[in-house]
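Listed next as structure tokens is one chain, alone, in the form predicted alone.
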């Protein structure tokens, strides 16, 4: 699990798929297509006397055999997911540059022949369980105390790209390659609703396919997109209220104050208003974007970070322009 120097060809073909901030908000972890995790010190990179070296990782190690599709922080650990497995790394140990996994777990897959990728992970704060979704079309739920996978939610007919949690109702939302957003009651593990976004004419873009690659919720509202246009839905009426005229397929979208921020194909972060207009397009270094994260944990290191088809991760201190880039 040692760090190694990337060759120029590897750097050229690098993609950053996932990122997560430490619980204290002072560090950023990013995962790439080579199975590596880099840990950056935001406090060093943002300090007034930051040098070029401050934008390099304090730690870079191989965590998985395949790409690191998902990263998620708990109060104490960084969770990483690759092909078929989840590993936990103590943040306290990572900051000391120790890269021994605290634990590694595999969901109970029905077949041992295929190793399904894990694309998404969320924590259910109501019962401290980890919810994961990926290539076997199922959602697996693990008890974080015992490390035991206690249930499987079945319903998607193709692999799952994204998950989010609607806290007040205790509902899990999942989006997948089958074009469906499924809503589950996390207390009973039963399906509540299924929205087939591609069947709504105003959202459908058959030329891009029907898959759903991004999901976010904010009380009664949901954002989703992928093949279909990025759209804002009112969950009580189960109908789209705004469709955003963004040309490419969106891979991550978040609610932030009165804005919606989104990234996907193309080199821009889109700032959209809830009513459906695109207010601004902020240029980024990568030509295509996979991941956007907001560090709102402490005001001192309040940043947005964006990664994609490049070894560079753009950092925005003011969300209207790129301040600098971290690099693997």
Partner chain sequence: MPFCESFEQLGRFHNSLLGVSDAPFVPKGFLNEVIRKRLLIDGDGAGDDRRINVLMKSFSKWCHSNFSPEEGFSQYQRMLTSLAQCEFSMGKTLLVYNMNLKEMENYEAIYADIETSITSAHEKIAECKKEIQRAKRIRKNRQEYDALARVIKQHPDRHETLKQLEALDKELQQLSHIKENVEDKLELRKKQFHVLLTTIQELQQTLENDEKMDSDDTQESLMDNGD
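Numbering follows the first chain given and starts at 1. In this text the structure is predicted, and so the values were computed from the model without any measurement.
Beyond the structure shown, there is the form predicted together with its partner chain, which is absent from this document and is the topic of what follows.
In plain terms, the part of the chain that comes close to its partner chain in the model of the complex, with a heavy atom within 4.5 Å, is 238-246 out of 238-246, 150-158, 114-122, 168-176.
When its partner chain is considered in the model of the complex, only one residue from 146, 257, 207, 188 comes within 4.5 Å through any heavy atom, namely 257. Out of the listed residues 280, 273, 58, 294, 273 is the one that sits within 4.5 Å of its partner chain in the model of the complex by at least one heavy atom. Its partner chain in the model of the complex comes within 4.5 Å of a heavy atom belonging to residue 218. Taking non-hydrogen atoms only, residue 193 never approaches its partner chain to within 4.5 angstroms in the model of the complex. None of the heavy atoms of residue 105 is located within 4.5 Å of its partner chain in the model of the complex. Though the partner is left out of this view, residue 199 does not reach within 4.5 Å of its partner chain in the model of the complex, counting heavy atoms only.
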